[in-house]
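What follows is a single chain, given as structure tokens, in the form predicted alone.
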Amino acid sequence: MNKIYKNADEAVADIKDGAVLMLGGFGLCGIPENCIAALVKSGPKNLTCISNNAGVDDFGIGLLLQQKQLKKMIASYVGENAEFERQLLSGELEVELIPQGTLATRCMASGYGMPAIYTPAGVGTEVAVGKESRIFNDKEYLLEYAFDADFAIVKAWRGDADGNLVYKDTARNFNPLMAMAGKITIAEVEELVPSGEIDPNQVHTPGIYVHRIFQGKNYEKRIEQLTLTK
């Protein structure tokens, strides 16, 4: 099975209107920049996006918001994006806010083939409205379902022709969990090497989870909130 694709345009070409996408990253760290740009270019609409956050107005998932390509955003933090706020308040965008640990664990459950998890996060808050709960050892837990994503799109530092991935430092974040969870996983990497070049002990995501891989280019690697000493 040849997993290598020429570029982002080719890798996301079959993502159509109404697809459910997982997008790796945390803030602007470790986001699949090339794939997001390719989706803006190809223009699918009514997408559901599962991500830790919504990027910023002019970068990351914010670019998809600008083009009105998202129907629903499932995230745990969205505070850096004015266009997101505008679409939410105007009713243009459906939003599901999830505790960050629950978001991560629902991704993990998808990858492990588990239909649901129980978590104490959100008990007694608006998060719990309409959800089933159970008592375990005198403590209440909410039932949360695993995600069902058509595509998981992740960014890694290095990858090989078999799809094995290595993430660098904090860019690891949500990427390994999401890479396990999509029906089709697309990985963009900064460095694509032949099979056997990566030490198996260094692999973070085994290639069995990855269906498409390509070497990205022109990474901006922006800092979301730049703070410098005087």
Partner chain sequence: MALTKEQIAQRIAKELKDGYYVNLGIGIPTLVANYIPEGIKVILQSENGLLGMGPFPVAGKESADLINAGKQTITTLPGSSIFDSAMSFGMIRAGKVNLTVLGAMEVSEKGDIASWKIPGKMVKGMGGAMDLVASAKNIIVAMMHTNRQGESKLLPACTLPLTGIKCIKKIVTELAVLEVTVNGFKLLERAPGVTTEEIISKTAGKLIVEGEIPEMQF
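Positions refer to the first chain, counted from 1. If you're wondering where the values come from, they're calculated on a predicted model, not measured in any experiment.
There is another form of this protein, the form predicted in complex with its partner chain, and it is not shown here; the text below is about that form.
Contact annotation: residue 171 falls within 4.5 Å of its partner chain in the predicted complex, judged by heavy atom distances. When its partner chain is considered in the predicted complex, residue 190 lines it closely, a heavy atom lying within 4.5 Å.
When contacts are judged by a 4.5 Å heavy atom cut-off, residue 217 does not count as touching its partner chain in the predicted complex. Put simply, residue 221 is close to its partner chain in the predicted complex: some heavy atom of it is within 4.5 Å. Shown without its partner, the chain has 203, 204, 206, 207, 208, 209, 221, 222, 223, 224, 225, 226, 227, 228, 229 in segment 202-230 as residues with a non-hydrogen atom within 4.5 angstroms of its partner chain in the predicted complex.
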